[in-house]
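Here's a solo chain for you in C-alpha coordinates, the form predicted on its own.
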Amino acid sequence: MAHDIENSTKAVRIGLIGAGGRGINCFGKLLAACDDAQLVAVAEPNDVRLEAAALRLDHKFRTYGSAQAMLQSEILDGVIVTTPDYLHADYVVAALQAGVPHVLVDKPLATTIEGCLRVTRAMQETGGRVAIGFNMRHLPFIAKVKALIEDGAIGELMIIENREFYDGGRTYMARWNRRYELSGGLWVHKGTHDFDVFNWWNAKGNPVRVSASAGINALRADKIPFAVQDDVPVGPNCSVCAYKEICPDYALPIGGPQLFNAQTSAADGYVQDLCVFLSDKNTHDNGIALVEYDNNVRASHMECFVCNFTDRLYTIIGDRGTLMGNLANPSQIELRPRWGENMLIPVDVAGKDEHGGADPLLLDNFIAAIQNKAPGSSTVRDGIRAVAVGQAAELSWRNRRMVEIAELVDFSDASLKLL
(Lines give C-alpha, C1' and ligand atoms only; values in the text may rest on other atoms or scores of the structure.)
Protein backbone atom coordinates (compact mmCIF):
# COMPACT_ATOMS: atom_id res chain seq x y z
CA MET A 1 0.00 0.00 0.00
CA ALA A 2 1.36 3.41 -0.88
CA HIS A 3 1.53 6.38 1.42
CA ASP A 4 4.95 7.39 0.13
CA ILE A 5 7.18 9.68 2.11
CA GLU A 6 10.23 11.61 1.07
CA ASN A 7 13.58 10.71 2.56
CA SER A 8 13.63 12.36 5.94
CA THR A 9 16.45 14.50 7.25
CA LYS A 10 15.31 13.77 10.80
CA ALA A 11 17.77 11.65 12.73
CA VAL A 12 15.39 9.06 14.17
CA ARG A 13 13.30 6.80 11.94
CA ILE A 14 10.51 4.96 13.75
CA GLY A 15 8.33 2.04 12.65
CA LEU A 16 5.04 1.20 14.37
CA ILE A 17 3.61 -2.30 14.71
CA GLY A 18 -0.13 -2.13 15.36
CA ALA A 19 -2.59 0.48 14.06
CA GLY A 20 -5.11 0.34 16.88
CA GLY A 21 -6.12 3.11 19.22
CA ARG A 22 -2.95 3.04 21.32
CA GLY A 23 -0.71 2.86 18.29
CA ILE A 24 -2.32 5.56 16.15
CA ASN A 25 -4.14 7.84 18.58
CA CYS A 26 -1.19 7.95 20.96
CA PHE A 27 2.21 7.17 19.45
CA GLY A 28 1.22 7.78 15.85
CA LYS A 29 -0.25 11.20 16.66
CA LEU A 30 2.75 12.17 18.77
CA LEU A 31 5.26 11.08 16.12
CA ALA A 32 3.37 12.91 13.38
CA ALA A 33 3.99 16.13 15.30
CA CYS A 34 7.53 15.30 16.41
CA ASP A 35 10.47 17.53 15.41
CA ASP A 36 13.39 15.16 15.90
CA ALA A 37 11.88 11.84 14.84
CA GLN A 38 9.60 10.61 12.07
CA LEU A 39 7.06 7.83 11.75
CA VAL A 40 8.20 6.27 8.48
CA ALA A 41 6.27 2.98 8.46
CA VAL A 42 3.25 1.28 10.02
CA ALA A 43 2.53 -2.47 9.99
CA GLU A 44 -1.06 -3.67 10.44
CA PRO A 45 -2.75 -6.79 9.00
CA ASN A 46 -6.17 -5.08 8.67
CA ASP A 47 -6.00 -3.12 5.38
CA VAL A 48 -9.10 -1.09 6.19
CA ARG A 49 -7.71 0.03 9.53
CA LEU A 50 -4.35 0.77 7.93
CA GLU A 51 -5.95 3.15 5.43
CA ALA A 52 -7.98 4.73 8.21
CA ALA A 53 -4.80 5.26 10.23
CA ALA A 54 -3.21 7.24 7.40
CA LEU A 55 -6.30 9.42 7.13
CA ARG A 56 -6.55 9.78 10.90
CA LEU A 57 -3.01 11.12 11.16
CA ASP A 58 -3.06 13.09 7.89
CA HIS A 59 0.53 11.99 7.65
CA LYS A 60 2.55 10.18 4.99
CA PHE A 61 4.27 6.92 5.85
CA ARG A 62 4.78 3.57 4.19
CA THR A 63 2.29 0.88 5.13
CA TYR A 64 2.74 -2.87 5.39
CA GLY A 65 0.32 -5.74 5.87
CA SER A 66 2.72 -7.53 8.21
CA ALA A 67 5.44 -6.67 10.66
CA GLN A 68 7.79 -9.07 8.90
CA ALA A 69 7.43 -7.17 5.61
CA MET A 70 8.11 -3.85 7.31
CA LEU A 71 11.15 -5.15 9.17
CA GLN A 72 12.60 -6.67 6.00
CA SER A 73 12.07 -3.51 3.92
CA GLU A 74 12.85 -0.63 6.27
CA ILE A 75 16.02 0.61 7.93
CA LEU A 76 14.73 1.74 11.31
CA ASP A 77 16.32 3.30 14.36
CA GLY A 78 13.44 2.22 16.55
CA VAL A 79 10.20 0.23 16.56
CA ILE A 80 7.16 0.73 18.78
CA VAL A 81 4.97 -2.34 19.42
CA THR A 82 1.29 -1.68 20.29
CA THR A 83 -0.39 -4.96 19.37
CA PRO A 84 -2.60 -7.06 21.66
CA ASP A 85 -0.51 -8.26 24.58
CA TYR A 86 -0.12 -11.90 23.57
CA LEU A 87 1.83 -10.77 20.48
CA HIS A 88 4.23 -8.43 22.29
CA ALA A 89 7.08 -10.89 22.79
CA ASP A 90 6.84 -12.21 19.21
CA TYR A 91 7.14 -8.77 17.65
CA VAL A 92 9.82 -7.51 20.01
CA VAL A 93 11.93 -10.56 19.23
CA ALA A 94 11.28 -10.17 15.49
CA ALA A 95 12.35 -6.52 15.57
CA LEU A 96 15.54 -7.31 17.48
CA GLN A 97 16.41 -10.19 15.17
CA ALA A 98 15.85 -7.91 12.17
CA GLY A 99 18.55 -5.61 13.50
CA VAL A 100 16.43 -2.84 15.01
CA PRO A 101 18.61 -1.40 17.80
CA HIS A 102 15.83 0.05 19.99
CA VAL A 103 12.34 -1.28 20.67
CA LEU A 104 9.61 0.27 22.81
CA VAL A 105 6.82 -2.15 23.69
CA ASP A 106 3.65 -0.97 25.36
CA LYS A 107 3.16 -2.68 28.70
CA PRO A 108 3.23 -5.52 29.49
CA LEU A 109 6.53 -6.77 28.09
CA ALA A 110 4.80 -10.14 27.57
CA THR A 111 1.88 -12.01 29.05
CA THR A 112 4.10 -14.55 30.82
CA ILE A 113 7.61 -14.77 32.23
CA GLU A 114 8.37 -17.31 29.49
CA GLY A 115 7.68 -14.62 26.90
CA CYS A 116 9.79 -12.11 28.82
CA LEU A 117 12.76 -14.48 28.88
CA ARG A 118 12.46 -14.99 25.11
CA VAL A 119 12.95 -11.23 24.79
CA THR A 120 15.99 -11.27 27.08
CA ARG A 121 17.61 -14.02 25.02
CA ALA A 122 17.02 -12.05 21.82
CA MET A 123 18.54 -8.96 23.42
CA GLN A 124 21.61 -10.89 24.50
CA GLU A 125 21.99 -12.40 21.01
CA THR A 126 21.54 -9.14 19.08
CA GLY A 127 22.72 -6.40 21.42
CA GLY A 128 19.44 -4.53 20.93
CA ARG A 129 17.73 -2.60 23.69
CA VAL A 130 14.12 -2.79 24.84
CA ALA A 131 12.10 -0.25 26.82
CA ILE A 132 8.66 -0.79 28.33
CA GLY A 133 5.73 1.62 27.96
CA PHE A 134 5.52 2.33 31.68
CA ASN A 135 4.10 5.79 31.14
CA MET A 136 3.13 6.17 34.81
CA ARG A 137 6.82 6.65 35.63
CA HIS A 138 6.54 9.94 33.72
CA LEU A 139 3.58 11.25 35.70
CA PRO A 140 4.91 14.12 37.86
CA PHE A 141 2.89 12.87 40.86
CA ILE A 142 4.40 9.37 40.67
CA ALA A 143 7.91 10.72 40.10
CA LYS A 144 7.56 13.13 43.03
CA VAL A 145 6.54 10.33 45.38
CA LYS A 146 9.63 8.38 44.32
CA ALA A 147 11.83 11.42 44.99
CA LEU A 148 10.27 11.92 48.43
CA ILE A 149 10.84 8.27 49.32
CA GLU A 150 14.46 8.42 48.18
CA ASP A 151 15.03 11.70 50.03
CA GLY A 152 13.95 10.02 53.27
CA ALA A 153 10.80 12.09 53.76
CA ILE A 154 9.03 9.12 55.39
CA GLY A 155 12.05 7.24 56.67
CA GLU A 156 12.31 3.58 55.69
CA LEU A 157 9.51 2.44 53.40
CA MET A 158 7.10 -0.06 54.97
CA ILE A 159 3.76 -0.17 53.15
CA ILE A 160 2.36 0.94 49.79
CA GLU A 161 -1.37 0.98 49.19
CA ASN A 162 -3.18 1.84 45.97
CA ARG A 163 -6.93 1.80 45.39
CA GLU A 164 -7.73 2.12 41.71
CA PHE A 165 -11.17 2.89 40.35
CA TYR A 166 -11.47 2.83 36.57
CA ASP A 167 -14.82 3.58 35.00
CA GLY A 168 -13.50 2.76 31.51
CA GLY A 169 -12.34 -0.64 32.70
CA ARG A 170 -15.75 -2.12 31.99
CA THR A 171 -14.91 -1.89 28.27
CA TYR A 172 -12.22 -4.53 28.80
CA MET A 173 -15.10 -6.99 28.77
CA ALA A 174 -16.16 -5.72 25.33
CA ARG A 175 -12.72 -6.16 23.77
CA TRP A 176 -9.91 -8.70 23.40
CA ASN A 177 -8.63 -7.82 26.89
CA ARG A 178 -11.42 -9.91 28.42
CA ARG A 179 -9.67 -13.16 27.43
CA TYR A 180 -6.95 -14.49 29.72
CA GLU A 181 -5.11 -16.15 26.82
CA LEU A 182 -4.87 -12.84 24.93
CA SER A 183 -4.08 -10.43 27.76
CA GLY A 184 -2.45 -12.63 30.37
CA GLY A 185 -5.39 -11.61 32.57
CA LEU A 186 -6.06 -8.11 33.85
CA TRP A 187 -3.53 -8.41 36.66
CA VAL A 188 -1.00 -8.53 33.81
CA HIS A 189 -2.62 -6.25 31.25
CA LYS A 190 -3.77 -3.57 33.68
CA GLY A 191 -1.99 -4.40 36.90
CA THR A 192 1.54 -4.24 35.51
CA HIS A 193 1.19 -0.43 35.44
CA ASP A 194 0.69 -0.43 39.19
CA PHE A 195 3.04 -3.26 40.05
CA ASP A 196 5.80 -1.44 38.18
CA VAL A 197 5.12 1.70 40.22
CA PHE A 198 5.42 -0.36 43.43
CA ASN A 199 8.66 -1.93 42.20
CA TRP A 200 10.02 1.47 41.13
CA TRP A 201 9.22 3.14 44.44
CA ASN A 202 10.66 0.20 46.38
CA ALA A 203 14.00 0.24 44.56
CA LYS A 204 15.80 -1.65 47.34
CA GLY A 205 13.58 -4.73 47.18
CA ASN A 206 12.49 -7.55 44.91
CA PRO A 207 8.97 -9.02 44.99
CA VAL A 208 9.00 -12.48 46.55
CA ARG A 209 5.37 -13.61 46.92
CA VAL A 210 1.87 -12.60 45.91
CA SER A 211 -1.63 -13.31 47.20
CA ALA A 212 -4.63 -12.21 45.15
CA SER A 213 -8.38 -12.55 45.08
CA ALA A 214 -10.53 -11.47 42.14
CA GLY A 215 -13.72 -12.23 40.30
CA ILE A 216 -16.67 -11.08 38.23
CA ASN A 217 -19.30 -9.51 40.48
CA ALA A 218 -21.04 -6.99 38.23
CA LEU A 219 -20.37 -7.59 34.54
CA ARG A 220 -22.22 -10.87 34.13
CA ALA A 221 -25.49 -12.08 32.63
CA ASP A 222 -27.50 -12.07 35.86
CA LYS A 223 -26.57 -8.42 36.53
CA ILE A 224 -28.05 -6.80 33.40
CA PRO A 225 -29.37 -3.45 34.71
CA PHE A 226 -32.60 -3.25 32.73
CA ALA A 227 -35.66 -5.37 32.07
CA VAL A 228 -35.17 -7.87 29.25
CA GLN A 229 -38.12 -8.95 27.14
CA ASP A 230 -38.43 -12.69 26.56
CA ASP A 231 -38.59 -12.34 22.78
CA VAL A 232 -35.93 -9.60 22.44
CA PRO A 233 -32.37 -10.84 23.13
CA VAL A 234 -29.60 -8.64 24.47
CA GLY A 235 -26.51 -7.87 22.36
CA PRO A 236 -24.45 -9.51 21.07
CA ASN A 237 -22.73 -6.14 20.66
CA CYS A 238 -23.73 -2.60 21.49
CA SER A 239 -24.07 -1.26 17.96
CA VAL A 240 -26.88 -3.73 17.14
CA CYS A 241 -28.38 -4.26 20.59
CA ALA A 242 -32.11 -3.61 20.92
CA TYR A 243 -31.48 -2.07 24.35
CA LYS A 244 -28.63 0.31 23.50
CA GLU A 245 -30.76 3.39 24.19
CA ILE A 246 -31.42 2.33 27.78
CA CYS A 247 -28.27 0.41 28.72
CA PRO A 248 -26.15 2.48 31.13
CA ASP A 249 -23.06 0.45 30.17
CA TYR A 250 -23.34 1.01 26.42
CA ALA A 251 -19.75 0.78 25.19
CA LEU A 252 -18.43 2.83 22.29
CA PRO A 253 -15.30 1.54 20.51
CA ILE A 254 -12.45 2.86 22.63
CA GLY A 255 -10.09 3.46 19.69
CA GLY A 256 -12.55 5.72 17.91
CA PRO A 257 -14.88 5.13 14.95
CA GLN A 258 -12.18 5.77 12.36
CA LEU A 259 -10.15 2.74 13.43
CA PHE A 260 -12.91 0.46 14.73
CA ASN A 261 -16.16 0.28 12.78
CA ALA A 262 -18.29 -2.08 10.69
CA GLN A 263 -15.76 -1.99 7.84
CA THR A 264 -12.74 -2.82 10.00
CA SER A 265 -14.73 -5.56 11.71
CA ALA A 266 -15.73 -7.04 8.36
CA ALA A 267 -12.05 -7.22 7.42
CA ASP A 268 -10.91 -9.31 10.40
CA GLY A 269 -13.95 -10.15 12.53
CA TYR A 270 -12.86 -8.10 15.53
CA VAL A 271 -15.40 -5.90 17.31
CA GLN A 272 -14.80 -3.64 20.30
CA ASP A 273 -18.34 -3.39 21.59
CA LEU A 274 -19.38 -6.85 22.74
CA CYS A 275 -22.00 -6.79 25.48
CA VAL A 276 -20.01 -6.42 28.70
CA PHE A 277 -22.56 -8.60 30.51
CA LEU A 278 -22.77 -11.48 28.02
CA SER A 279 -19.28 -11.57 26.49
CA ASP A 280 -17.19 -14.73 26.82
CA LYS A 281 -14.82 -13.40 29.45
CA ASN A 282 -12.42 -15.14 31.82
CA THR A 283 -10.85 -12.14 33.54
CA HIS A 284 -12.06 -10.07 36.52
CA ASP A 285 -14.00 -6.86 37.10
CA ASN A 286 -12.56 -6.34 40.60
CA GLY A 287 -9.80 -7.71 42.78
CA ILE A 288 -7.17 -7.19 45.45
CA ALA A 289 -3.51 -8.22 45.23
CA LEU A 290 -0.96 -8.25 48.06
CA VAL A 291 2.75 -8.19 47.25
CA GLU A 292 5.56 -8.99 49.68
CA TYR A 293 9.16 -7.88 49.08
CA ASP A 294 12.45 -9.26 50.32
CA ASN A 295 13.23 -6.02 52.20
CA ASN A 296 10.23 -6.24 54.58
CA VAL A 297 7.99 -4.00 52.44
CA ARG A 298 4.39 -4.86 51.61
CA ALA A 299 2.15 -3.47 48.87
CA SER A 300 -1.59 -3.68 48.33
CA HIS A 301 -3.33 -3.02 45.01
CA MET A 302 -7.11 -2.93 44.61
CA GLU A 303 -8.66 -2.45 41.18
CA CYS A 304 -12.33 -2.02 40.37
CA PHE A 305 -13.74 -1.53 36.87
CA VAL A 306 -17.40 -0.87 37.64
CA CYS A 307 -17.39 2.54 39.31
CA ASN A 308 -18.69 5.86 37.97
CA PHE A 309 -15.31 7.58 38.37
CA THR A 310 -11.63 7.08 37.63
CA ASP A 311 -8.86 7.62 40.17
CA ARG A 312 -5.89 6.09 41.93
CA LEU A 313 -5.64 6.80 45.66
CA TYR A 314 -2.25 6.23 47.26
CA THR A 315 -1.02 5.81 50.83
CA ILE A 316 2.73 5.27 51.24
CA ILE A 317 3.90 4.59 54.80
CA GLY A 318 7.40 4.69 56.21
CA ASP A 319 8.67 4.32 59.77
CA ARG A 320 8.82 8.12 60.10
CA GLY A 321 5.90 9.39 58.08
CA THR A 322 3.14 8.89 55.54
CA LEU A 323 2.48 10.22 52.05
CA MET A 324 -1.09 10.49 50.75
CA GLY A 325 -2.52 11.64 47.46
CA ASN A 326 -4.50 10.73 44.38
CA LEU A 327 -4.28 11.14 40.61
CA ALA A 328 -7.59 12.97 40.34
CA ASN A 329 -5.81 15.78 42.18
CA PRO A 330 -2.18 15.27 41.08
CA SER A 331 -0.93 18.77 41.90
CA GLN A 332 -0.24 18.02 45.57
CA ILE A 333 0.89 15.30 47.94
CA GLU A 334 0.17 15.34 51.66
CA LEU A 335 3.09 14.52 53.93
CA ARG A 336 2.16 13.47 57.46
CA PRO A 337 5.36 13.16 59.53
CA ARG A 338 5.25 10.76 62.43
CA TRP A 339 6.35 13.68 64.61
CA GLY A 340 5.48 17.19 63.50
CA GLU A 341 2.89 19.03 61.46
CA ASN A 342 1.26 17.83 58.27
CA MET A 343 2.16 19.66 55.07
CA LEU A 344 1.06 19.82 51.43
CA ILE A 345 3.83 19.37 48.88
CA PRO A 346 3.10 20.94 45.46
CA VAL A 347 3.65 18.96 42.25
CA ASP A 348 4.29 20.54 38.86
CA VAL A 349 1.71 18.88 36.62
CA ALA A 350 2.80 18.28 33.01
CA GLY A 351 -0.61 18.26 31.35
CA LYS A 352 -4.03 16.67 31.15
CA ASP A 353 -3.81 14.93 27.77
CA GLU A 354 -2.18 11.61 26.92
CA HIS A 355 -2.35 10.14 30.42
CA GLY A 356 -1.66 13.38 32.24
CA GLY A 357 1.19 14.33 29.92
CA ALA A 358 3.02 11.06 30.55
CA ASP A 359 2.84 9.61 27.03
CA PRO A 360 4.71 12.50 25.33
CA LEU A 361 7.41 12.26 28.00
CA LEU A 362 7.64 8.50 27.49
CA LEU A 363 8.13 8.96 23.74
CA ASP A 364 10.62 11.79 24.29
CA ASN A 365 12.66 9.51 26.53
CA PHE A 366 12.62 6.70 23.95
CA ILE A 367 13.86 9.07 21.24
CA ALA A 368 16.53 10.51 23.56
CA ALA A 369 17.73 6.99 24.35
CA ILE A 370 18.04 6.23 20.63
CA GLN A 371 20.07 9.43 20.24
CA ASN A 372 22.26 8.48 23.23
CA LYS A 373 21.15 11.65 24.98
CA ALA A 374 19.55 9.96 28.00
CA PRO A 375 19.21 6.53 29.59
CA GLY A 376 15.92 4.74 29.05
CA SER A 377 13.32 5.24 31.75
CA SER A 378 12.77 1.49 32.09
CA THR A 379 14.56 -1.74 31.35
CA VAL A 380 13.62 -5.29 30.46
CA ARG A 381 14.36 -6.23 34.06
CA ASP A 382 11.66 -3.75 35.10
CA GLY A 383 9.30 -5.36 32.61
CA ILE A 384 10.05 -8.83 33.94
CA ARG A 385 9.48 -7.75 37.55
CA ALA A 386 6.06 -6.29 36.74
CA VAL A 387 4.97 -9.32 34.71
CA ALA A 388 6.21 -11.63 37.47
CA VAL A 389 3.93 -9.95 40.01
CA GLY A 390 1.01 -9.85 37.58
CA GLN A 391 1.36 -13.49 36.55
CA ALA A 392 1.72 -14.53 40.18
CA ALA A 393 -1.49 -12.63 41.00
CA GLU A 394 -3.29 -14.43 38.19
CA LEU A 395 -2.07 -17.81 39.41
CA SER A 396 -2.98 -16.89 42.97
CA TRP A 397 -6.63 -16.01 42.44
CA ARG A 398 -7.24 -18.73 39.87
CA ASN A 399 -5.65 -21.47 42.00
CA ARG A 400 -6.59 -19.98 45.39
CA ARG A 401 -3.11 -20.04 46.84
CA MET A 402 -0.14 -17.83 47.64
CA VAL A 403 2.41 -17.82 44.82
CA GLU A 404 6.16 -17.49 45.27
CA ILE A 405 7.84 -15.37 42.60
CA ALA A 406 10.67 -17.93 42.58
CA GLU A 407 8.20 -20.33 40.94
CA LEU A 408 8.34 -18.06 37.88
CA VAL A 409 11.77 -16.39 37.81
CA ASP A 410 14.99 -16.18 39.82
CA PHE A 411 16.01 -12.53 40.17
CA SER A 412 19.37 -13.58 41.58
CA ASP A 413 20.27 -14.97 38.13
CA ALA A 414 23.42 -13.14 37.05
CA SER A 415 22.15 -12.68 33.47
CA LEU A 416 19.06 -10.85 34.70
CA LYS A 417 21.14 -8.50 36.84
CA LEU A 418 22.86 -7.24 33.69
CA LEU A 419 19.63 -6.16 31.96
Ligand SMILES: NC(=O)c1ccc[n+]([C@@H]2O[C@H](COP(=O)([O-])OP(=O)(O)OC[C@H]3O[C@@H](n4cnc5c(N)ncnc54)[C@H](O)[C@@H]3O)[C@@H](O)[C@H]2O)c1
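Residues carry their position along the shown sequence, with the first being 1. Since the structure is predicted, the reported quantities are computational estimates derived from the model, not experimental observations.
Below, we refer to the form predicted in complex with the named molecule, which is not included among the displayed structures.
Using a 4.5 Å cutoff between non-hydrogen atoms, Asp85 counts as a contact of the named molecule in the model of the complex. In the model of the complex, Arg22 approaches the named molecule with a heavy atom inside 4.5 Å. Interface residue remark: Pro45 is counted as part of the site for the named molecule in the model of the complex, having a heavy atom within 4.5 Å. The named molecule is not drawn, but in the model of the complex it has a heavy atom within 4.5 Å of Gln272. Remark: all three candidate residues (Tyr91, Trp176 and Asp268) come within 4.5 Å of the named molecule in the model of the complex, counting heavy atoms only.
The contact residue chosen from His102, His138, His301, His193 relative to the named molecule in the model of the complex is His193, the criterion being a non-hydrogen atom within 4.5 angstroms. Of the candidates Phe198, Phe260, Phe305, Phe277, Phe260 is the one whose heavy atoms come within 4.5 Å of the named molecule in the model of the complex; the others do not. Residue heavy atoms within 4.5 Å of the named molecule in the model of the complex occur in exactly one stretch of 363-371, 377-385, 54-62, 36-44, and that stretch is 36-44. Annotation for 103-121: interface residues with the named molecule in the model of the complex are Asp106, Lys107, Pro108 [heavy atom within 4.5 Å].
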